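Given next, in structure tokens, is a single chain: the form predicted on its own.
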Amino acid sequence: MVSPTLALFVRSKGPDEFWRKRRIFKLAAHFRGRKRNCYSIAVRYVHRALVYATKGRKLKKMDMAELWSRRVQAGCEQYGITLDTFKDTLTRNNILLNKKSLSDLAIWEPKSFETLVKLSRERAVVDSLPGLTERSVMNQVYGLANLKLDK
């Protein structure tokens, strides 16, 4: 019978090493070449991918917030009011909508967004706030119902 010595016992890393390597290989399964098969290389590339994934999540949030702001700003410019005045008058009217919901209204529900703009324009006139301009004919959105085709 072979009795394991202390040196052999220390060398054996046991099941922990198997599961640690398995976790890395699982994360590297979609890589190509030695990045997928060789543990020492896979560790580096998996770590790098996880760092980029973390940065990407933050960048995605920033990109979406910027997109929502741009959409709301475009909707406000269409109806002749600045974004700051629009937000200020909405809070004065006790209408508490976030950027995402305002953006969705501006894109998918233009009539609802127009009523919000009308409410905020009326409040801005009453409170004599700056940032109101005349609504330009060039900035209007035309749908099929608005077009008059000559026959």
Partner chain sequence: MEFLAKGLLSVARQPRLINNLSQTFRALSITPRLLQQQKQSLVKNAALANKNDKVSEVEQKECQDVFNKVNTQLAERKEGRLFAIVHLCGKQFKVTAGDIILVEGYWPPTIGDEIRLEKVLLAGAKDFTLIGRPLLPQGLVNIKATIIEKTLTHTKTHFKKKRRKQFMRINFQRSPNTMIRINTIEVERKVDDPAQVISEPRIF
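Here the structure is a predicted model, which means the values were calculated and not measured. Residue numbers count along the first chain shown, from 1.
The following text describes the form predicted together with the partner chain, which does not appear among the structures shown.
Chemist: In the predicted bound form, does every one of E17, R32 and D63 come within 4.5 Å of the partner chain, counting any heavy atom?
Modeler: Answer is no for this spot.
Chemist: Of these, I95, C38, L59, L67, which has a heavy atom no more than 4.5 Å from the partner chain in the predicted bound form?
Modeler: None of the other options qualify; the answer is I95.
Chemist: A42 versus the partner chain, in the predicted bound form: is there a non-hydrogen atom within 4.5 Å?
Modeler: A42: no, not in contact with the partner chain in the predicted bound form.
Chemist: Should L83 be counted as a contact of the partner chain in the predicted bound form, where contact means heavy atoms within 4.5 Å?
Modeler: Flag for L83 set to no.
Chemist: Consider A124 of the chain shown here, and say whether it contacts the partner chain in the predicted bound form, taking contact as heavy atoms within 4.5 Å.
Modeler: Flag for A124 set to no.
Chemist: Just give me the residues of 23-58, first to last, that have a heavy atom within 4.5 Å of the partner chain in the predicted bound form.
Modeler: Heavy-atom contacts within 4.5 Å come from H47, L50, V51, T54, R57.
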